[in-house]
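The chain that follows stands alone, in the form predicted alone, written as structure tokens.
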Amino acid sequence: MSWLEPHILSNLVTLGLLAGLVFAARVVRAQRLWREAAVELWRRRRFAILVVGVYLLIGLADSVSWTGGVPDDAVGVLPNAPLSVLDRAFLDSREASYSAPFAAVEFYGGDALRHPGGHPLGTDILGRDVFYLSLKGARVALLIGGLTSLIAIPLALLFGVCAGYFGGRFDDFVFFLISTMASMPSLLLLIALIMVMGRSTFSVCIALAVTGWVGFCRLTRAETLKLRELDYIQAARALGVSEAKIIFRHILPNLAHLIVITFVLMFSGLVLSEAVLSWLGIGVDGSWGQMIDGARDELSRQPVVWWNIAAAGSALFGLILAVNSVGDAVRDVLDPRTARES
């Protein structure tokens, strides 16, 4: 059925994520504490937030796609293939082979290019614009970091909060589970999961989430053990409030700052993990890690083809630096101890 086609599904997921962002923005705006935190965050890290916003816009432009509207003489485009907004912006950018940044002729042979001076970051061995490939890598990085965090954090909350609040045999089971997971070499487990499930983007996200939820689970378990002993929790129990309402009304709101901080800090680690997997040959197609892996042999050429690895490395560095800068500010804003010091 047409509504199950991959590009239709991608459009629906993008629409759902945009709706989630709008809902989150309305929640932040409605509550004074979160609104003041957002204003302070903007004041401290305005430039980094704008950089992250640019990456998000690029990822959005590569997520919305549709068929049709493609010239018959388009180079390297399959008929009736769904193309995103970003694909259509670089529809006629293909060359024959390597070309240096802003070059007018090919890197090898010296033949004239179809678009002289039109490639600010040059082209790769297949003639694809490197600037275009670097922009497409933003969507993969955002999916790896964002989707994996959205899987790992709820999983860690489920086990960590229930283990810390209810205790007993369930706490023993969760503690045994996280101890077992922590004792396994995470890289080997990650490789094994990807080889079993395949190298698709979703499979890599699942594998990273399975190996990345343990640390936050320990943190939420310890925090819940502390929260459940506070006076207002004991008073709620004495008044007959159900366990589920106590968890959703008292425990989870007090873990909100940890959830936000963990999401931001986990994001950068996951993107770097995918780059390591690409170096091992099991990464995601179209990622910056795959571009860096493919550029290894190019550094041994004479003259050196340097622009592929420079473009991918710079794009990866820019996103990680911006996200880490925002995460550092989020921690300072939401942590009462650092807020008092500032």
Partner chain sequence: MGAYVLRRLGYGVGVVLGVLFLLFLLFFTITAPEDIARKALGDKAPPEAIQTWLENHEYDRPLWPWQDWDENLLFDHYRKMLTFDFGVSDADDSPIIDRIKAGMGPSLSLTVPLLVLGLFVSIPLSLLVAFFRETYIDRMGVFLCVLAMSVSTLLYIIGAQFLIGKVLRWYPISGFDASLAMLPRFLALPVLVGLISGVGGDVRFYRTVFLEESSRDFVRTARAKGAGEARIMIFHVLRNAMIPILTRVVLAIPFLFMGALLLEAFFGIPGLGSMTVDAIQSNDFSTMRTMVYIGSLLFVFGQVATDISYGLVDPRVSVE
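Residue numbers count along the first chain shown, from 1. Every value quoted in this text rests on a predicted model; they were computed, and no experiment measured them.
Another form exists, predicted together with its partner chain; not displayed. Remarks below refer to it.
**Q** Heavy atoms within 4.5 Å of its partner chain in the predicted bound form: does residue 30 have any?
**A** Answer no; every heavy atom of residue 30 is more than 4.5 Å from its partner chain in the predicted bound form.
**Q** Could you tell me if residue 176 has a non-hydrogen atom within 4.5 Å of its partner chain in the predicted bound form?
**A** Yes, contact at 4.5 Å.
**Q** Residue-level question: is residue 301 within 4.5 Å of its partner chain in the predicted bound form, judged on heavy atoms?
**A** Yes, contact at 4.5 Å.
**Q** Mark residue 321 yes when one of its heavy atoms lies within 4.5 Å of a heavy atom of its partner chain in the predicted bound form, and no otherwise.
**A** The answer is yes: residue 321 has a heavy atom within 4.5 Å of its partner chain.
**Q** Tell me, please, which stretch of 142 to 150, 232 to 240, 267 to 275, 112 to 120 lies within 4.5 angstroms of its partner chain in the predicted bound form when heavy atoms are compared?
**A** Of the options, only 267 to 275 has residues within 4.5 Å of the partner.
**Q** Please pick, from 48, 41, 58, 309, the one residue with any non-hydrogen atom lying within 4.5 angstroms of its partner chain in the predicted bound form.
**A** Of 48, 41, 58, 309, the residue with a heavy atom within 4.5 Å of its partner chain in the predicted bound form is 309.
**Q** Can you pick out, from 105, 192, 225, 85, the residue that has a heavy atom within 4.5 Å of its partner chain in the predicted bound form?
**A** Contact with its partner chain in the predicted bound form is made by 192 alone.
**Q** In the predicted bound form, does each residue in the set 22, 128 and 135 place a non-hydrogen atom within 4.5 angstroms of its partner chain?
**A** Zero of three within 4.5 Å in the predicted bound form.
**Q** Who in 194 to 217 is close to its partner chain in the predicted bound form, meaning a heavy atom within 4.5 Å?
**A** Counting only heavy atoms within 4.5 Å of its partner chain in the predicted bound form, the contacting residues of 194 to 217 are 195, 196, 199.
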